[in-house]
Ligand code: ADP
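Only one chain comes next, encoded as structure tokens, the form predicted alone.
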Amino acid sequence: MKSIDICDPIENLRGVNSKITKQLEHLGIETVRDLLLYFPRRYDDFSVTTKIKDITIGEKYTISGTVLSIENNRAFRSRMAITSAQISDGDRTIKAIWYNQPFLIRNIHKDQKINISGKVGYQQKSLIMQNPAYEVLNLNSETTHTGRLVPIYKETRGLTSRWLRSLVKNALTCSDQIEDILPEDIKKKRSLISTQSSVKQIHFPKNRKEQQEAKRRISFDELFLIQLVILNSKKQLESVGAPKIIPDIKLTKTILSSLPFKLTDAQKKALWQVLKDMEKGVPMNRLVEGDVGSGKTLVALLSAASTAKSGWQTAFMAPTEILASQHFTETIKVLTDANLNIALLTASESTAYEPELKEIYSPKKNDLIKMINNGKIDIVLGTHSLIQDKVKFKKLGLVILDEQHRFGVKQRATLLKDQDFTPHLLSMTATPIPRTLAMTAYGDLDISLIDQMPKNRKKVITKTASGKERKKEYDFIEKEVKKGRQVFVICPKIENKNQDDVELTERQLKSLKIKAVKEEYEKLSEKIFPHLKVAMLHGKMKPKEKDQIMKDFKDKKYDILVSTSVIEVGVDVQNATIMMIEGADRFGLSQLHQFRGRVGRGEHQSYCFLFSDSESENSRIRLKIMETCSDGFKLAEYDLKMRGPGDFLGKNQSGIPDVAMEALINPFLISEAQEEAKKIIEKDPTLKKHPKILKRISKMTEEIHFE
């Protein structure tokens, strides 16, 4: 039989046919290597075998015994196939029942030794296990599906964890072909096992200690490589030139004196950090983070004003047209006395501001692009339109990205194209980034925190509520709307379909009572508030349609807006005073905090109602924290501990394996990886002496992205 190579296509592996190949492709598994690096997401601990007489109903166990009998029957009403087996451990018996798996009668026979693992129940005066994992025992063979820490993988339709375990076991003979990139001295110093051992142990650990050893090694590799990518990125930035932007202190003071409020200390500090960065002549790469309404945009605009006075242009890019339009209006308002040419360029708008006449006019799009390309526009605000081929800034000195993680790496690179120098980059986000994530995912950015809110900002009163209290809150909403206020209603999903909840049973889905936007819109507009003007907004709508609805809501044409999370980054609706969130337990605390930040922007007291019918104690505790805590950074740290970093980065988008993703909350492991990465770079800046590491970094740069 031909030996299998780790780079072989997955169909070369024993047990894989064309049908399974297609299913594996859905999981991103195309080669034997892909399969070996497809790590378990969790484990069922079936390592202890228990005698039937010692079990407790409702708990999970592994029972080892002999099959006394096995037969297939059909349910009287549903005609569903039911396979039942009586199993004895030599003292007592238990009944195993499987549904819709009649083929099991060919796999399990009378008098065979067998393990079954699962939760024990009680039915018709008998102990039972429903749909237990099973394994026919052979002499001297190691168990795969029972009697151990059993790996559970992310599944796809038609391909279960049981199948994946068997395939992985077939592929493990190739695990020694996986390269170990770490030098021996690092492994010895940090007490790390080999790569080959980690792959074997992560799939089939003999105990928790082995599983933790494997997880630690795999996590260290990922963190170590991320740090090397970050250090390399910083080094490259420092080696290229950038415009020297001289801070115009006089202009800054003039602008600030025209505003009806003073900068907070946090804003002053952030502004000073940005201006000092742009003086250096090397590209700034700074992230300003702070809550919604903390004044990030003002810091960015003051930076843009100094950039213009030094003879350079600024490109200010927002994720949506309506947000770009809002920034355009705010820019004109803030920089009225700065005598700057300002423009807005989006797919549907071409607008400019003439500072001498203090007038807004609408040039043709091609004419505006020519003005930008000729350097006649100082500050250009827009969306993805700013990265179209026709737009070629004459002297681009500063790029500002609002909610920077919403732009892809390639899009950012396109903005910086065709320049003889590298413009400064200032990113803004309202998503508070926990310290450990800042050390890794955002490690190539210098970070400025605006952790103070303006003194005149009223705290949003937040209350958790169950469905029983809904009538009371509806009455309150009615009173607020009569006062002329407006309401946001947020739902987790567009439609109640199971495809987004493959891990939940029908019963769990029903108990969660997830509110769908369409259903909620119909209920509110037809039954609860038929006399009010209700609008609906969700991500499947066309951009123009979404922008128009948001504009109409801001212009008070609607009283209530029912939406999915698309309003997370949205317009400033100062008249909106109520944020009502359905299925609040389905969102992270940071996301809930951002929703809450959509209200309380004006002079009126605002409220946030968090509705949840989840009976989970964990969910209840999380939501209660929202009532007392209004600090986005504290909420982010708490959410990181409770939900994990996938809530911030998106596990499906980041490219980091789940097992390593969890390490992003481990500051000690991150520090160790940082330390070793710095030593490597200091001794071998080009990594020529470490070709295996260089190869992995090149691949990693393509696969991993934080956006």
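Nothing here was measured: the structure is a model prediction, and the numbers come from that model. Numbering starts at 1 and follows the sequence shown.
If you look for the form predicted together with this ligand, you will not find it shown, but the lines that follow are about it.
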Heavy atom of each of T62, I94 and I97 within 4.5 Å of this ligand in the predicted complex:
no
None of K554, K296, R165, K215 but one has a heavy atom within 4.5 Å of this ligand in the predicted complex; the exception is K296
Answer key, this ligand contact in the predicted complex at 4.5 Å (heavy atoms) among D277, D559, E480, D291: the residue is D291
Item to complete: Classify V391 as contacting or not contacting this ligand in the predicted complex by the rule of any non-hydrogen atom within 4.5 angstroms, answering yes or no.
Response: no
Heavy atom of Y122 within 4.5 Å of this ligand in the predicted complex: no
### Task
Using a 4.5 Å heavy atom cut-off, state whether K154 contacts this ligand in the predicted complex.
no
Give a yes or no for Q267: in the predicted complex, does one of its heavy atoms lie within 4.5 Å of a heavy atom belonging to this ligand?
-> yes
For this ligand in the predicted complex, the stretch among 186 to 194, 302 to 310, 259 to 267, 621 to 629 with residues bearing a heavy atom within 4.5 Å is 259 to 267
Contact check, 313 to 336 vs this ligand in the predicted complex, heavy atom within 4.5 Å, ordered by sequence, gives E330
